[in-house]
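First comes one chain, alone, set out as structure tokens in the form predicted alone.
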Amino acid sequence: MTRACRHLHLPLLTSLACALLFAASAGVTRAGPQEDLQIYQDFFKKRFPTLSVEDLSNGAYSFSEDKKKQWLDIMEFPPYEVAIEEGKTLFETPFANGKTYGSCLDQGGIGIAHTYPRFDKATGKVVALAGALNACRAANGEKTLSTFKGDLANIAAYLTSTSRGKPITVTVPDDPKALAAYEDGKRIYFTRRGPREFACYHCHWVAAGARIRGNELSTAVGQATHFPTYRSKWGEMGTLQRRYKGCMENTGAVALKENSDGMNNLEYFHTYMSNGIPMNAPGTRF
């Protein structure tokens, strides 16, 4: 175990996973995406042996029976239903030129949300679902919109509802630019940011399952499956990148810009970690 890992006093952190964590934070590549995925998911399976990977998609509610009950009560009449309806209407409404969002997406956009983010070989960049919707708007002469919330988040809620139950299937092709984007997302995930020097993995890997300010911390694996999400704090739908922004700002760091290469690469890596876990988006969180 590395000296840095001993300092964390985490006996459950295996030497292999630990070495990978700190190698990633230092920008050193020790494994490819497939090797990473096995290590990451095995780590959480061993750390929480009573939980399945599907349980991890329920986020923090896997660690609190009381909050899980409250959440299930809310899910009887989920607040995201209105967003799905509005998103469906927006998705099917033609642009000024008569085309629709479906004209830009595989299968007309239905049943494909679980495959995003995607690497676009033509541009050599990663495209998140909300970003793909904005690109479609631009290609059809429409103004682009916020990829954090509002209409695009509602459309994403509708599209992800058509992929509910399908396993997350994010692909990192054997392409130097795709692998570089994945590694950049990994680097961002494990890099300390801001005056408090927090990285994403501090809360959702090292401290996963622990409590902070009365709330349980969810695991990195499984998180991406329930976005976009309706949060009570927001009072509306928000995308995964909106959540990244909030987390970064909460730790005192300067947030990456929405739909930037950094944000898209982070979402690419983070979502890839949940490959094989059924999508249960849109979600609802307190």
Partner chain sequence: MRKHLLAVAIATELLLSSTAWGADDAGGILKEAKTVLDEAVSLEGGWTSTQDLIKESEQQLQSGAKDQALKLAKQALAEAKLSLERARELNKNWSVPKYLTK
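Just so it is clear, the model here is predicted, and its values are computed rather than measured. Numbering follows the first chain given and starts at 1.
Note that the form predicted together with the partner chain isn't included here; everything after this is about it.
Colleague: Just to confirm, with a 4.5 Å cut-off on non-hydrogen atoms, which of F190, W71, F119, F148 contacts the partner chain in the predicted complex?
Modeller: By the 4.5 Å heavy-atom cutoff, the listed residue in contact is F190.
Colleague: Quick one: from Y80, Y158, Y101, Y201, grab the residue that has a heavy atom within 4.5 Å of the partner chain in the predicted complex.
Modeller: So the residue touching the partner chain in the predicted complex, by this definition, is Y201.
Colleague: Just one of 193-201, 83-91, 171-179, 111-119 has residues with a heavy atom within 4.5 Å of the partner chain in the predicted complex, so point it out.
Modeller: So the stretch in question is 193-201.
Colleague: Can you check whether I39 is within 4.5 Å of the partner chain in the predicted complex, heavy atom basis?
Modeller: Yes, contact at 4.5 Å.
Colleague: Does C247 reach the partner chain in the predicted complex if we count a contact as any heavy atom within 4.5 Å?
Modeller: Heavy-atom contact with the partner chain at 4.5 Å: absent for C247.
Colleague: At 4.5 Å between heavy atoms, is V206 in contact with the partner chain in the predicted complex?
Modeller: V206 belongs to the contact set for the partner chain.
Colleague: Closest heavy atom of F48 to the partner chain in the predicted complex, within 4.5 Å or not?
Modeller: No, F48 sits far enough from the partner chain in the predicted complex that none of its heavy atoms falls within 4.5 Å.
Colleague: Counting only non-hydrogen atoms and a 4.5 Å cut-off, give the residues of 238-272 close to the partner chain in the predicted complex.
Modeller: E249, G252, A253, V254, L256, in sequence order.
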